[in-house]
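This document opens with one chain alone, in structure tokens, the form predicted on its own.
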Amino acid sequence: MISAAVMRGIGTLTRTRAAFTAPLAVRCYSHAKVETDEEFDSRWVTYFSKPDLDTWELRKGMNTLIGYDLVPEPKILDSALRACRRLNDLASAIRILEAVKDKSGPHKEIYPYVIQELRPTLQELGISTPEELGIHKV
């Protein structure tokens, strides 16, 4: 008898609904200014054009740039390649071109376009592409 009364009491406890409702999720969007493509490009061209840029900053900037979900514009790469030339760092220049080819991924038309746009700069600076050096097959 007592167990039946207890079971009825527990049954009524589990069937009751909560008197409150859970708060809805609220999205808190950032109020920061959204950077346009032109501002982004300008920021990176300015970064690589700094006259006091050293090799560590060059590698750090390229690592950050390649970490983004994009293939850098040719004008940014032009500035980075000129920084490599100022620093007399051919290895970094070749690595930049390899990274661009890698970032192009399955979009096979991107890398030839970038090389086409950079061809005058590459000739001016005396930088060969990985394909011209024969290291693209490795």
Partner chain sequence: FVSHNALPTYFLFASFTDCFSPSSKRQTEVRGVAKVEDYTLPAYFDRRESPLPDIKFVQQLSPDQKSLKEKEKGSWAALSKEEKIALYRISFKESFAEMDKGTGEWKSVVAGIFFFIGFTGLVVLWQRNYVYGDVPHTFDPEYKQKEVQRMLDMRINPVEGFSAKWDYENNAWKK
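Residue numbers count along the first chain shown, from 1. Quick caveat: nothing in here was measured; it's all calculated off a predicted structure.
Below, we refer to the form predicted together with its partner chain, which is not included among the displayed structures.
Proximity of L70 to its partner chain in the predicted complex falls outside the 4.5 Å heavy atom cutoff. Of the heavy atoms in N63, some are within 4.5 Å of its partner chain in the predicted complex. Residue contact check for E98: one or more of its heavy atoms lie within 4.5 Å of its partner chain in the predicted complex. Interface membership of K75, defined by any non-hydrogen atom within 4.5 Å of its partner chain in the predicted complex, is ruled out. Contact annotation for the candidate site: D54, S128 and I135 all lie close to its partner chain in the predicted complex (heavy atom within 4.5 Å). Heavy atoms closer than or equal to 4.5 Å to its partner chain in the predicted complex belong, across 56 to 90, to the residues W56, E57, L58, R59, M62, N63, I66, C84, R85, N88, D89, L90, ordered by sequence position.
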